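Next up: just one chain, as structure tokens, the form predicted on its own.
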């Protein structure tokens, strides 16, 4: 004798309701042969829906044993139960349970997606089934565009796509008019005639009489189990035993997994497209966070570049040597040991790129009837190179001018404005009176960046020999500016200069100002400030991630019924986890991309205005922002996705 396809031995199912226990099934024994058409009937509360859920591996019995094709269902884990539903069962629901964002053919294909079949194979199979069921002109219609009878036909096609052995129909005509109901029953008869096992759960005896066997439940126990047309049932069973085995349903594990991933990605995109406003609101926090991070880093890089350019304008890798212990030393004017010989000795050192002695005084400038007080700086021919000073017009004086005590002057932009207010008149070639000394203007420097080393007062540069001889009558120097080779670290050069001059003077009666140290300090400060503001922007990213998590949790609660349908047609826990995780990551990635777009757009607008500096975008910052948004999608999307994957299929299907 052939072993039954389905065997229930003393199966019970009870639920805890408050402080009481409700027994839905009580020690049920049922045997169903392959190829039978069985109707399970009973009034509301009789336990028939609970029995169908257990038969379809959507629920587990609390006691007893259930075997399908010899396999003990009680020993299977969640994914093995999903495999049973996917490979052996097809569900036809009273309320159809079609996914609203998918077309008719997309809904039919869904079980085949989880079975790992290729897109071409499942599309052809779904199309054949829908053609067979009279839905040839409705393949691309969504459920909202179909009538109740048409939706039930789509549900039937979905139940057949994986060549299921057992069709479970839960009140298949309950939501249909009589004409559509008769058509659905006729289709079930055809399915049974093909040799499949058909189990109909209904409260309508007229529907039950279409079956070859009727099992009646009352208060959770089998009240009767009687044949309806035994001869026909036996014939159907015989036909089932000779029916060809279904073809293999899945390809290799790797290819199957890749196919499921592609389809899960497609379904995630469909879901996001169907709920565009919700998806946009979800990614809004990510957009703001990523845009903030990218803009803040660009702002920091731009301002840092501006600060460094300002410092570079003062002369980089430069040491300024002054007499005394520090600025403000009252004894510095009495120290006469810093002399020209020190500058010439320093110029011979291998690590020195250039040296210029400097002296200074103040005097009155006159040109025609215009007078102005000015700073008179006596410098060497290398001064302008050491300081990084640039010409606006004319030329700098050279070594011959220094040796010959030339009365050639280079004026700065402030002196030009004071003595030559008419911009049409070029100062070059004009003779100005510096104190009582006539000097010919040979050059005008560009406006000096404000900051250390610059002044708002007019400045006239003359050869230091001229200033010493004609203005000061003193051979000592106010300072020596030393430019260090680019290959020599300035801190080491400072130590070398300190040792060298201390040995020459036999005491340390000078101090050194390292301008590169100022540059490093400002750069470090700018970096710290950038990191601080970037950290604040990162907080907005985290807040955006929390928003993603919250809305994904809401999304899970709104889509419980969808999750139940997917599980019923064979989705594994990993499939559900993967779909919701992909949605979270897509939301964050798209949000990250939009955030970068907004940031770049803001930068273009910002740079269009002359605000003194520009935003400099970092590829590293953009990559980090994209990686961060992806990580946030994974981190904050995992919990909602995990919750979705662990839902009870029965509880999920009962939600509308």
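Here the structure is a predicted model, which is why all the values come from computation and not from measurement. Positions refer to the first chain, counted from 1.
Separately, the form predicted together with adenosine-5'-diphosphate (ADP) exists; it is not shown, and the next lines address it.
J.: How about residue 43 - does it come within 4.5 Å of adenosine-5'-diphosphate (ADP) in the predicted bound form, if we only consider non-hydrogen atoms?
T.: Within the cut-off, so yes.
J.: Using 4.5 Å between non-hydrogen atoms, is residue 15 touching adenosine-5'-diphosphate (ADP) in the predicted bound form?
T.: It does: once adenosine-5'-diphosphate (ADP) is placed as it appears in the predicted bound form, residue 15 has a heavy atom within 4.5 Å of it.
J.: Using a 4.5 Å heavy atom cut-off, state whether residue 22 contacts adenosine-5'-diphosphate (ADP) in the predicted bound form.
T.: Yes - in the predicted bound form, heavy atoms of residue 22 and adenosine-5'-diphosphate (ADP) come within 4.5 Å of each other.
J.: Residue-level contact is defined here as any heavy atom of the residue lying within 4.5 Å of adenosine-5'-diphosphate (ADP) in the predicted bound form; does residue 628 satisfy this criterion?
T.: Looking in the predicted bound form, residue contacts with adenosine-5'-diphosphate (ADP) do not include residue 628, since no heavy atom lies within 4.5 Å.
J.: Using a 4.5 Å heavy atom cut-off, which residue among 47, 61, 603, 593 comes into contact with adenosine-5'-diphosphate (ADP) in the predicted bound form?
T.: It is 47 that has a heavy atom within 4.5 Å of the partner.
J.: Tell me, please, which stretch of 584-592, 63-71, 606-614, 22-30 lies within 4.5 angstroms of adenosine-5'-diphosphate (ADP) in the predicted bound form when heavy atoms are compared?
T.: Going through the listed ranges, the match is 22-30.
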